[in-house]
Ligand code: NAP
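Single chain ahead, by itself, as structure tokens, in the form predicted alone.
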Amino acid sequence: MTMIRIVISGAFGKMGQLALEHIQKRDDFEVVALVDHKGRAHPFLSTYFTVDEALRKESAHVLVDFTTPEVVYENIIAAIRHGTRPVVGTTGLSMGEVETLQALAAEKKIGGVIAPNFALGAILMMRFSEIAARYYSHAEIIEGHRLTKRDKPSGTAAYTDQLMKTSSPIQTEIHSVRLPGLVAHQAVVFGGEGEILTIRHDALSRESFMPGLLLAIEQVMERDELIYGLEKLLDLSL
């Protein structure tokens, strides 16, 4: 069994803490270091201020990133330059930035995954919406997240909109809700003559993101390109 050595950036945030907990349960994964831009320390794991510093001092196969839009781009660049495969759940990257990162990964012949959403149900919601867009001319995307989420609209909503428009010249609008008590919610509402179709996904806890994250860590080791969207690791053919 090959052990996958992992650095987690954003390890003291809620998603980072949950990722650490689930990764440490796996016999084939090893967390070798954490990164925290605020300088917090873990009692048992080496902790660094930056991804670059961590990867200069630690040998790692994968960087898991749950940070913020302000630092994620540079984190991914650092990972690719060190030959470490990024698995990224941080949203807020522009498509121009994604394309630049994909080009850098291609140059280095290194795989990675940037996932607007790791919840498998959310991936299916996006796929179903992509199919439905072929048959409707108008749709509204309504997304809701915790009050502290920085990007608006969410990466999931923006990516859903992008996928739908690859299927159809559909007219869409995105509505964002930020409220205490929300985790991650999205409804895509299609309107036609005499009917409404709603495709909805609700993440009731952050646990829903963990199966997709673990799958991405497993499969990224077999990839030689930076993939945008978890669905590209799944068989969603009809």
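The first residue of the sequence shown is number 1, and the count goes up from there. Quick caveat: nothing in here was measured; it's all calculated off a predicted structure.
The same protein has a further form, the form predicted in complex with this ligand, not shown here; the description that follows concerns it.
The partner is not drawn, yet in the predicted bound form one stretch among 103 to 111, 129 to 137, 90 to 98, 159 to 167 has residues with heavy atoms inside 4.5 Å of this ligand: 90 to 98. Among heavy atoms of His82, none comes within 4.5 Å of this ligand in the predicted bound form. In the predicted bound form, at least one heavy atom of Thr67 sits within 4.5 Å of a heavy atom of this ligand. Taking the partner from the other structure, this ligand in the predicted bound form has no heavy atom within 4.5 Å of any heavy atom of Lys152. Put simply, Ile142 is far from this ligand in the predicted bound form: not one heavy atom of it is within 4.5 Å.
Counting a residue when any of its non-hydrogen atoms is within 4.5 Å of this ligand in the predicted bound form, the hits in 29 to 68 run Asp36, His37, Lys38, Arg40, Phe66, Thr67, Thr68.
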